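Given as structure tokens, the chain that follows is alone and in the form predicted on its own.
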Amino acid sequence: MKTIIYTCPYVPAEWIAAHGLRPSRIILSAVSSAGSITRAEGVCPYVRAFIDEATTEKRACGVVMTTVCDQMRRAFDILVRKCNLPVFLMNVPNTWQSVAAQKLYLDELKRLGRFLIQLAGKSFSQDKLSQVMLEYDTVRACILAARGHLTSRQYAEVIAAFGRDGPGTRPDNAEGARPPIAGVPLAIVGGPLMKQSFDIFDIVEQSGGRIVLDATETGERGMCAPFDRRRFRDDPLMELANAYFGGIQDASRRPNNELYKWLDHELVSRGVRGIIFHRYLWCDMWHAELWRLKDWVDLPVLDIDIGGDNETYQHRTPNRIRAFLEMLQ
């Protein structure tokens, strides 16, 4: 089965799968500036890693990007020139409250569908889409229910594996699952994590804490809302759009007050005592959000800025997290 790679949570995996293609929401690896085809100055390390991944990918038949991130939008222009794979740019409105914005998102899904059919995708019935949505929704619910039975890293990796490999990934397939340790409850908030950043979960546990809320783009926050099973059989495409476009909260939204409503509920319900704010250098959107979060939340916030330098990251980040947890203990 041909594979479509992407990273943005607003791209519905169910839509790609219903077209007979394999959706794979990839987790990126950091790349050195010397090994990148893009200049390092002013380029987010995550976007640089995505460009390198897309230009070296051998298994995929296409790439889907979105306009949610300004740097990723500019990266589309680079990939059109440098990438051997067909690349699709999906317009995702930052404004979300109007009927026009919702219609634009629906129209973009239909346009994406035409792109997928050009790549040997298949037309399908509403029943087929409903079936795929049910399969994904069932596994997604199992993953969310397993949170209390996995360590924070295992939980994050199960979510990432589900995005990469689809419904075949279930929590009971996770090897070496063990009861979560006790520790100071923390949240991690920010954009997407790269593979190296998953070490944060271990560092926190080794320092006497535990991530009880993964509010990064690659964590719980990047999962769509549960489907209304009474509605998706009548109009599955509309329900798909509602769950993704209307159900995923992000700093890019205008206004993004719903992100803070979601955070407020989750921080309180999970007893969070501190926040690790994870952002990439040159990401203006999340950098600006850091100060709003600090003003809004009545909790200590540790700012972890990632520049793509693994050596600096490995030495500096553990020390800062340990000091942060010592303050909270």
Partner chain sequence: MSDMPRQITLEEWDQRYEQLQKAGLHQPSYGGPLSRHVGDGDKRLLKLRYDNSAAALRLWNFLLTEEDRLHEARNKGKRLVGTMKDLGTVPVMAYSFDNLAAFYPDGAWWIPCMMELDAGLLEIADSLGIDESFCPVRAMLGAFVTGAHFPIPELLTCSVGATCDDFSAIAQRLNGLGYPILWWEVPHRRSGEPGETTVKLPGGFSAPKCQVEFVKSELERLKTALEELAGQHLDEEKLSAGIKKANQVRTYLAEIRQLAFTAELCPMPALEMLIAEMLAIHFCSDQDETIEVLRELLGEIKTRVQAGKGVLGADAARIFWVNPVADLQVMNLLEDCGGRICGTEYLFSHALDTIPEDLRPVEALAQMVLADPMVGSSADRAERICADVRRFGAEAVLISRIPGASHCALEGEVISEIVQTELDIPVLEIEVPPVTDSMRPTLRTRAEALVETIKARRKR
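Because the structure is predicted, anything quoted here is derived from the model rather than measured. Numbering follows the first chain given and starts at 1.
FYI, the form predicted in complex with its partner chain isn't displayed, but the following is about it.
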In terms of non-hydrogen atoms within 4.5 angstroms, which of the given stretches 138-146, 189-197, 73-81, 204-212 touches its partner chain in the model of the complex? 73-81
Thinking of 153, 265 and 269 as the candidate spot, does its partner chain come within 4.5 Å of a heavy atom on all of them in the model of the complex? no
The one residue among 47, 276, 28, 63 placing a heavy atom within 4.5 Å of its partner chain in the model of the complex is 47
Checking 130, 242, 169, 256 against its partner chain in the model of the complex, the residue with a non-hydrogen atom inside 4.5 angstroms turns out to be 256
When the contact criterion is heavy atoms within 4.5 Å, does residue 301 count as touching its partner chain in the model of the complex? no
Using the partner position in the model of the complex, report whether residue 114 sits within 4.5 Å of its partner chain, counting heavy atoms only. yes
Is residue 261 one of the residues lying within 4.5 Å of its partner chain in the model of the complex, judged by heavy atom distances? no
With the cut-off set at 4.5 Å between non-hydrogen atoms, does residue 43 touch its partner chain in the model of the complex? yes
Partner contacts for 281-303, taking its partner chain in the model of the complex and a 4.5 Å heavy atom cut-off: 282, 284, 285, 287, 288, 289, 291, 292, 295
